[in-house]
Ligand code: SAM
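Below you will find one chain, with nothing else, as structure tokens; this is the form predicted alone, and questions on how it binds or moves follow later.
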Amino acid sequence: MSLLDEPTNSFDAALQELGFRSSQLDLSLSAGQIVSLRRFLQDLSRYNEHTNLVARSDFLTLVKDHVTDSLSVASVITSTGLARQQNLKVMDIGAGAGFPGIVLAVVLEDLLLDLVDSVGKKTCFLNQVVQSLELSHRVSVHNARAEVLARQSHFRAKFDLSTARAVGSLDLISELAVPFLRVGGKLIAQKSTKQYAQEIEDSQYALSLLGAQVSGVYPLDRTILGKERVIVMIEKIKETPEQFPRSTAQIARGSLSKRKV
């Protein structure tokens, strides 16, 4: 059964869940934002029928497993004061099916967002959603590899914030994301409670090369997310050397934490 064929009470249950979880994250969603998120998830469920983007596309699962994750990122952006910056420029790397990028665009209505993904079927969907939600005035989609895009002058060192969900280890995420950031910009990476401490330790060499450092770790409420997660925030403290990010082939041969360059 597609999402569009589900009974109204399924929609109602998921919308109630969405409202509850957003309030627990200290986010107050307007009726218009909830309508936009619902439309986004309807579009995703319909697209997922012929092109697999997520494992399960029923509305309640999408809210619990994907939207709530994305709302937790929005909550940290808001609680740390980053959202107060007017026209906050955000780069979402490995944008996938639109988590957290599209959710952030809906919930944080002042941000300017660039979504990048190397997989065409994903960016095709993202472009459709941007049009459907009338977000094209502040959301752009790029079908490209982040390590290529970050070397272009129009994108390099131009962003205040970068996000990356399910992209890889912290040292890899940092190599891809930090070059997009201006000095003082932040990278937000969501990690499991079990892995984050080791990943931070393993990424120290990479961060030193990239001109960045860990600036904070924000535990997330397990009862809200249904899983153990923290958000690791990394701050760019000086300009990234021109040789980073490395080429796709070099990155594939090993992480910065394990190789001298």
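Small disclaimer: the values here were computed from a predicted structure and weren't measured. Numbering starts at 1 and runs along the sequence shown.
Below, we turn to the form predicted together with the ligand, even though it does not appear here.
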| property | result |
| --- | --- |
| Distance check, K186 to the ligand in the predicted bound form, heavy atom within 4.5 Å | no |
| Interface membership of E147, the ligand in the predicted bound form, 4.5 Å heavy atom rule | yes |
| Partner proximity in the predicted bound form: S118 to the ligand, non-hydrogen atom cutoff 4.5 Å | yes |
| Contact flag, F159 vs the ligand in the predicted bound form, heavy atom cut 4.5 Å | no |
| L113, V107, A95, L181 - the one with a heavy atom within 4.5 Å of the ligand in the predicted bound form | A95 |
| Contacting member of V129, L176, V141, V90, with respect to the ligand in the predicted bound form [4.5 Å, heavy atom] | L176 |
| Residue stretch of 72 to 80, 96 to 104, 151 to 159, 130 to 138 approaching the ligand in the predicted bound form, non-hydrogen atom distance within 4.5 Å | 96 to 104 |
| Contacts with the ligand in the predicted bound form - residues in 155 to 189 whose heavy atoms fall within 4.5 Å | R165, A166, V167, L176 |
